[in-house]
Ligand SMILES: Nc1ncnc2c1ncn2[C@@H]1O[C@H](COP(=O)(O)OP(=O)(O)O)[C@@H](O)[C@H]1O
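One chain comes next, on its own, written out as structure tokens in the form predicted on its own.
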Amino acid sequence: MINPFYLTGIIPGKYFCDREKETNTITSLLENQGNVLLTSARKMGKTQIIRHVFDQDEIKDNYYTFYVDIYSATSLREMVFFLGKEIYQRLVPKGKRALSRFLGTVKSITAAFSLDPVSGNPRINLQLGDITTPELTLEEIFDYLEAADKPCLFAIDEFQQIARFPEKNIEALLRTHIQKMNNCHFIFSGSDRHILEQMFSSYSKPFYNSAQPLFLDRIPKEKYVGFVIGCFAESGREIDPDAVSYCYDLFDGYTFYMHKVFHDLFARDTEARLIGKDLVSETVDAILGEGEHGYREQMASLSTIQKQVLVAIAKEGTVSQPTSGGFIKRNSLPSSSSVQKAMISLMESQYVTYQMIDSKRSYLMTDKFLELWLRLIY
């Protein structure tokens, strides 16, 4: 039987857990020519719900859909490169007519495309260095989307990265193009809720009030427990509801980590009549064991104070005031200034993130597996 706990790719609707309300909301907003601002913590399922929405019949049958993750982009040129490559790769299966329209519009990088001399099929030779005039290429890309023969939907994940680009006025540049478009609408998504909400809710910002905000929270425990029980029952196996609940609490409802555990547990060859908490714990331990070498390398790359602060956050789970006397004393840390410096580095390297609770930052580790491993080791 196919493992129902998908970790990558498009999840078949049958194995997509809950998110019915969110799916319907996003689909409706896009069909009614709206833009969406989708935020959540990392590993909560943003990418999967975008793909799920794009796989709905009313969307996939009537729109060109594009998805690009710009998390690794550090400049406008890199972002434009990712946008152009995504459009090209999505259009190739649509046939030569759709592709010809794209190449006829995006002329600044046409030289990066050619026909295979043997098969006659189009091929891409696009490299970052081919984007020599990113603002012009960006304009051409938006011109293509506006003139495409079908409406377009474009999801740009980790959109907050544009705030870190060295070029000035990127938000204004993008907004200038997007606000004139009728044939393409956007999902702007990301995990840095604070930056994104500033972009879209601050009156002084170019993207002010230009997208409907939607926060993707945890799947309710009862929904997730029922989903897991059903998946195992379909294969003729029984899992204890308390074991599923234990896993949910262990990872605080973060979808990816729970799915990874049940994916691996489902693949295990066990003769247990009832899968209980002990097998869930064994599976978690196996995952941590597989990642141990990488975890040790990560820790070796940190300074002593960075490691101390990270371990302290792992042990406490969430920390509202990492430079407070209480946190420093409980964890035998040095001065508040050194802790603050370490926190800046840990945030920049994505070891630590934060969520807003009652308008205040609460810091926590980004990787829940690494967090568990640190608790075990230290």
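Note that the structure is predicted; figures quoted are calculated from it, not measured. Position 1 is the first residue in the sequence shown; the rest follow in order.
Missing here is the form predicted together with the named molecule; even so, the following discussion is about that form.
- Note on the partner interface in the model of the complex: the residue among 185, 259, 90, 193 having a heavy atom within 4.5 angstroms of the named molecule is 259.
- Checked against the named molecule in the model of the complex, the candidates 284, 305, 141, 219 yield a single residue with a heavy atom inside 4.5 Å, and that residue is 219.
- Interface residue remark: residue 35 is not counted as part of the site for the named molecule in the model of the complex, having no heavy atom within 4.5 Å.
- Taking the partner from elsewhere, residue 16 is found to have a heavy atom lying within 4.5 Å of the named molecule in the model of the complex.
- In the model of the complex, residue 255 approaches the named molecule with a heavy atom inside 4.5 Å.
- The named molecule in the model of the complex is not approached by residue 315, whose heavy atoms all lie more than 4.5 angstroms from it.
- Note that among 46-54, 343-351, 321-329, 25-33, the stretch whose heavy atoms approach the named molecule to within 4.5 Å in the model of the complex is 46-54.
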